[in-house]
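What follows is a single chain, given as structure tokens, in the form predicted on its own.
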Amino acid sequence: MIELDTIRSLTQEQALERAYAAKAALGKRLTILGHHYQADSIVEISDITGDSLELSRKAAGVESEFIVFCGVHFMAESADMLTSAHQKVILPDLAAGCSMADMATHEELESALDLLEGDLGLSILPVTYVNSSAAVKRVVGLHGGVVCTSSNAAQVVGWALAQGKVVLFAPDQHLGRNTSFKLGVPLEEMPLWDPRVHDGGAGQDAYRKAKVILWKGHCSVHTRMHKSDVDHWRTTDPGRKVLVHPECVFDVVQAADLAGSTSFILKTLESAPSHSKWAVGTEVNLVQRLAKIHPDKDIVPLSQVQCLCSTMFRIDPWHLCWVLENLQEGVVVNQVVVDSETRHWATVALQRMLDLSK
């Protein structure tokens, strides 16, 4: 087994050169998946890039023996659940997590469902954002619920609302609020559920009147963008369009010209006219990459603060080189494995999402 410390002694350029060599040696046995928020060097070596929905779909169709997922832990779990038993999903750094996913544990979700259904007598349909653990997805699957991404949130939440139950949306309150409001749910019918408070904190009357109950969670990147950032561009450059991700807070989304998933942001900028100007509210590495891809357009970050996903940065050339060279030597490191019972019920929730997204 090759030790990570020996790889760390390399320069970044050396690590990348060796990673490319190992990738070439592994050939069709290997597929590298890279999320849009990764650094350019990781995106460039990836075979498939995309947002969560695209990578979930593509993972299900990959035939390679080894799938190296350059993303965060919940994404690798989803890939493991959607691929065959003989395939191995590898996360270059197991410490690459998601603070939002950590804001909802399966124990907290089970407790919330027990109180809302048992004590209050509500009929709940749980919807979990893909940014959640496999254990949370398992609870959702067991309760007849479904996973969503930012790309298909409106489609999934619309379906959930049509089932005549109260939707419990976890763990990102902002995606849940922005999506539900767009679908016509009033803000006063979307109380928060705080998992740190034993009864959720909003009061029984609020939950009984709710159409959607929002889990008190958020994205640490997108909540760093504020309405004052939108106001800044409106004042200093009124011709610049504001395009944001729906994980941003409600006031930012309402003040923006357009809001949508990462794929929506990419498609919008690709089809935008030359010389158009944009302030984009999402992860800064992606914004900077889009500015390079479209030099004929003026694309800048919405916020003056560098809003980056620090956990994505844990997937670096050294970790990637380490896992690939070990695979080349016949050693599998950092494999992500979801146990069979969790896999079954979480896949039920994931498959509902995929079926609704066809």
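Each residue number is its position in the shown sequence, starting from 1. As the structure is a computational prediction, the values presented were derived from the model and not from experiment.
If you look for the form predicted together with a small molecule, you will not find it shown, but the lines that follow are about it.
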Original post:
Which one of 261, 285, 83, 133 is close to the small molecule in the predicted bound form, taking close to mean a heavy atom within 4.5 Å?
Top reply: 261
Subject >> Among the candidates 178, 150, 128, 78, the residue which, in the predicted bound form, approaches the small molecule to within 4.5 Å (heavy atoms) >> reply: 150
**OP:** Considering the small molecule in the predicted bound form, find the one stretch among 33 to 41, 296 to 304, 61 to 69, 321 to 329 with heavy atoms no farther than 4.5 Å from it.
**Re:** 33 to 41
Original post:
Is the gap between residue 138 and the small molecule in the predicted bound form 4.5 Å or less for some heavy atom pair?
Top reply: no
Original post:
Taking heavy atoms only, is residue 316 within 4.5 angstroms of the small molecule in the predicted bound form?
Top reply: no
